[in-house]
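As structure tokens, one chain now follows by itself in the form predicted alone.
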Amino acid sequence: MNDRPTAAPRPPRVLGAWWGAAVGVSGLGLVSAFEASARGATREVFFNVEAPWSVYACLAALLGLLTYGLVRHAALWRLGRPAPEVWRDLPSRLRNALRLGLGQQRLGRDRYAGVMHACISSSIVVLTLVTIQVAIEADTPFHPLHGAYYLFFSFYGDLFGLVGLVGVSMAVWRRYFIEQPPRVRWDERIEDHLIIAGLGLVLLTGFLLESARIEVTELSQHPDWAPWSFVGYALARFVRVFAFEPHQLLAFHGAIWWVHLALAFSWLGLIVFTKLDHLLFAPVNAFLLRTDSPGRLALIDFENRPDDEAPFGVGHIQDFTWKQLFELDACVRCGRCTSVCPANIAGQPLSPMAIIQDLKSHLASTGPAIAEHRHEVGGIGRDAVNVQMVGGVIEDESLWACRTCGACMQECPVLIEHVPTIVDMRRFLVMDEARIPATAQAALENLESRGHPWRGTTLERTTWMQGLEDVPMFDGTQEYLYWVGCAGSLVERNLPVTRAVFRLLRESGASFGVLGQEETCSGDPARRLGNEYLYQALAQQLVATFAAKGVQRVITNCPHCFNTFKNEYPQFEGRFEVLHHTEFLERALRDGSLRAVHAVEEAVTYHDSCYLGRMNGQYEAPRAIIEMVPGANLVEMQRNLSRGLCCGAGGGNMWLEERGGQRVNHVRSAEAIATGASQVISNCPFCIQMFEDGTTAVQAAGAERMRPFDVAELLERSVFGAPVAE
């Protein structure tokens, strides 16, 4: 006898057929019910308002106000120099306007803010379309709001009104009920509260108006239509509990209609006077955003200056391009740029938001006088005002504290490009005013006289070759030029990195050579420090050398040289393929020409250099190398990848004295030490130097010191099994 329980008998197939038929009949019934309810459905618009023309009077006033505001702004933008590059590569610019402007992609870096803004912006767009359709229904021969579409219109109108209220509630919760990040309080104004409160009241009064309309015209006369306006319907059912008289409901509807109208147009009027203007300016600024690398700075045409008195940099507000002046108006004072600025994090005197806002205030206060001077006297109007911009409105210390790391630009939701604006003012300090810190001046003088910025070094560009056999000189027959760079050949700590890259290139079988004593500085320090003239002299010299040698492909040690060769030398017709050594080594590991066979049992953390990562988008190759090293355990820092913190050396700060607060490299070293790793790995000779100093200063006496290494040094240990030279 089988004691196992028997399976339940399967229902006959005919039961499934009956079930399907029942569902089908029910579906048809719902469709029939929908068609019945939609039949004759239409929208009552001005049934209880005696002066509907007031809407158009308010609209005309609003359009006049917006036009006045735009004309006033445009008059100030026109003070700037031409910016012809903004009309190039239009397809990419249109994509940026849609993706970064209207799509608000940058806000995805803050998920809460991204959802909040998506709710609010989508609500504004949809409810604007709703209002336009109501106007068409009321005042034109066209009547779109009838039948089935009217019911759908009622549904999505309420849906996006509710979505807008969710967004406003999120804004209220973040601003008033949870602990605020300091950036929210840096420049708080009364307008910030009016914007949130005003939008919330517009949406709430809209629903109250909807509920009164439904109670008066639909709930009693057309109950099948009313539930499609589901929020207004719920409120109308709630109001019905109080059993108001019809004349009371009509009076309430009329009153709330006028309140809603006044609130809506008042809130829209704020666009002219507050940061709400970013609703218009942010998509336009996304269109104006550069379409090439953020690591490229603009070229100064020394041979074709607009006038003999024109400064080499930007010392007056009208020396900016009109695009840079437009950016000032796009700023919403959100503080995201300042919150990620390494100098500000370290307590140094730099706030990218404050620089933009101070320039904006300066433009607003001096622009009309400059415009009037141009109209009456002519010329550029540099003597129209007595206010000193660089050194007055913007302090020198703020400009020199910038690391040009690009964190501010990457974080800005309205696509402001802070770094070019700061470097333009540095150029004025250096080339027009000769006002530069002594240590930076010494580096520039050394660049001009010796072709590198390192004062006091006894090393030569061939010192790293000592002990290595058969270092090939580049003669044009090899596939790659291995570019060592100043830091790779003239700084003692970086010699092991250069040797490691050389050994790995040779092991991979690559065809390469070096320039040896023919190398000179790429010019990056001069350009970032503001001496554009010296940079161009060095760049043109090197482009000529590369052309004479037949250089087509370059492998660099330094991300700064990498960025300069790749993104800035094309300004001098210097075009060649450029690889950072981590990119080449990662390819060699993947194709098998290099094999990481020896285990390196270490916990390591990785630091993204700004000019390889943020400026050029290369985050994966160095990490892939670490992952392919047996035994290496990668522990990420809290700030990593595109949110990584600068080491502190960028923007020429390797040769500048830091003022105020902590040293940036100490802040970053503390973050690396907090991971518990024994080594911090980077890909940049400047970063290695900064960690050598920072880890020593930050770690407690007697503690085992975290050791900084380049990715190539780690890989060298795994490929050859040899210890890294101390």
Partner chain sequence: MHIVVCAKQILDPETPASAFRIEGDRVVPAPGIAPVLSQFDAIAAEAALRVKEARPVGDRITVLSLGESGAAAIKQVLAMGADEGVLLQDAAFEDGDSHGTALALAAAIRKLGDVDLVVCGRQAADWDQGQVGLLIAESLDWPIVTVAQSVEAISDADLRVRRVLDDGFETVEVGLPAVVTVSNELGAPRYPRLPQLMAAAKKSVAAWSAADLGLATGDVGAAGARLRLARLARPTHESQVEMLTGTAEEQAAALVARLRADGVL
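Fair warning: this is a prediction, and the values are worked out from it, not measured in the lab. Numbering follows the first chain given and starts at 1.
As for the form predicted in complex with its partner chain, it is not shown, yet the points below apply to it.
Engineer: If the cut-off is 4.5 angstroms on heavy atoms, which of these, E445, E372, D110, D187, is the one near its partner chain in the model of the complex?
Structural biologist: Looking at the other structure, the residue within range turns out to be E445.
Engineer: State the residue from Q388, Q638, S511, S449 whose non-hydrogen atoms include one within 4.5 Å of its partner chain in the model of the complex.
Structural biologist: Checking each option against its partner chain in the model of the complex, the one that comes within 4.5 Å is S449.
Engineer: For the chain seen here without its partner, which of 352-360, 146-154, 160-168, 528-536 has a heavy atom within 4.5 Å of its partner chain in the model of the complex?
Structural biologist: Heavy atoms within 4.5 Å of its partner chain in the model of the complex occur in 528-536.
Engineer: Can you check whether T477 is within 4.5 Å of its partner chain in the model of the complex, heavy atom basis?
Structural biologist: Output for T477 is no: heavy atoms all beyond 4.5 Å of its partner chain.
Engineer: May I ask you to check whether G456 falls inside a 4.5 Å heavy atom distance of its partner chain in the model of the complex?
Structural biologist: Result yes; G456 sits at the interface with its partner chain in the model of the complex.
Engineer: Taking the shortest heavy atom distance, is A434 within 4.5 Å of its partner chain in the model of the complex?
Structural biologist: Yes, A434 sits close enough to its partner chain in the model of the complex that at least one of its heavy atoms falls within 4.5 Å.
Engineer: Look up in the model of the complex whether I124 has a non-hydrogen atom within 4.5 angstroms of its partner chain, and give yes or no.
Structural biologist: So I124 does not count as contacting its partner chain.
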